[in-house]
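This document opens with one chain alone, in structure tokens, the form predicted on its own.
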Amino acid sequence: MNAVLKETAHAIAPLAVHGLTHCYEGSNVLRGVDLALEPGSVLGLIGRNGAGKSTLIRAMLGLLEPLSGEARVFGEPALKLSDAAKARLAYVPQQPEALAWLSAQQMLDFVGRFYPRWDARFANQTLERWKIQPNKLLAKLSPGERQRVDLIRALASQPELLVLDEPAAALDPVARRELLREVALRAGESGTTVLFSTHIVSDLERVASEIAFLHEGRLILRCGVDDTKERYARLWLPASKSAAAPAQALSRRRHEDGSLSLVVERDAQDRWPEAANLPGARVDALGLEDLFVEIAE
């Protein structure tokens, strides 16, 4: 019986939403989003600024009540999380502001009391390694330093679920690499499930195993980072063949000469749309950054 219970618990998605919708001032921000994270996965949530990434993350964690839909964390309703579930997750917002009247050391010492697996040694060593003055008030730190301290706070709790909203937004390139290395290390060593949002494609390629693309409030694709080149491509059709363009496409662009370019996906039989075989048609491979630009523009 114990083995069965353990297997059932393992199968529960650490973070999942179904049919999530939300709006601000009559404008739809989320449009029926379905998303679930596999235990131990590192999912990069990508999208342009304003695509709804922060709203989705806040709704997933129960920090915002959506207009409709359901969000669950470790199988519990996100809006009614138990203290035990909260102790298993860590969240870093895009602009950390909490406890700004404390010093970095005071904040870490205080917060650490609420986490049974708190790694004080890691927190202290990382403060030193990242050259952050432990006795300086958080309010007096630069945005990049403040974000680093909050990342230390999240990582030191040794969470089972780590959620980062644009974690590198205020960091310089060197600091970004250090952060991503730390996230990858933690995920690899302890099996931490990670969700992080970004609009920086290179960050995804360094650490994510999967990507989910949020565009205008909709989740329009999800796949492994390494699979994007094989699964998606740009289909170019000359003007004379543009009428045969497939109805299903992630994006489509009409050019001045009447030609058409579309971002298309292989079907279940691993085939491109039939229009790819027409005379004059061309299929171009897309890297992750090219795919992002094609869809987001």
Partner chain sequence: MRLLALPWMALSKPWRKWIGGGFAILLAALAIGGVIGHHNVAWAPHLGHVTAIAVCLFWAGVVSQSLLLAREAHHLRLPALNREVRASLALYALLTIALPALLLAGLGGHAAVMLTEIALGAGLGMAYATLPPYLGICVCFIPMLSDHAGPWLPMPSTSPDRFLAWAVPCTVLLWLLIGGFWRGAVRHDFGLSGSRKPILLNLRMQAWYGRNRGNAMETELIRRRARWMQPVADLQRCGPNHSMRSLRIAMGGWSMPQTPASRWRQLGVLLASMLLPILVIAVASHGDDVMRSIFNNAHMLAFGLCIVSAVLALAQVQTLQRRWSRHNAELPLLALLPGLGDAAHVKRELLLANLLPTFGIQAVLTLAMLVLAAGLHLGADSDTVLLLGQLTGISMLIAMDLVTLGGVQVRGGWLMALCTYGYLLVNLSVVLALPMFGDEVLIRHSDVAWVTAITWAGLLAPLLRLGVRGWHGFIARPHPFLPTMD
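Everything quoted here is computed from the prediction, not taken from an experiment. Positions refer to the first chain, counted from 1.
Same protein, other form: the form predicted together with its partner chain, not shown, and the subject of what follows.
At the 4.5 Å threshold, heavy atoms of G62 reach its partner chain in the predicted complex. Not displayed here, its partner chain is approached by A139 to within 4.5 Å at the level of heavy atoms in the predicted complex. Proximity of V201 to its partner chain in the predicted complex falls outside the 4.5 Å heavy atom cutoff. Although the partner is absent here, R58 sits close enough that one of its heavy atoms falls within 4.5 Å of its partner chain in the predicted complex. Shown alone, this chain has one stretch from 122-130, 223-231, 187-195, 91-99 that lies within 4.5 Å of its partner chain in the predicted complex by heavy atoms: 91-99. Just one of L155, V111, V207, L219 comes within 4.5 Å of its partner chain in the predicted complex, counting any heavy atom, and that one is V111.
Contacts with its partner chain in the predicted complex, taken as any heavy atom within 4.5 Å, map within 72-95 to L79, K80, L81, D83, K86, A87, L89, Y91, P93, Q94, Q95.
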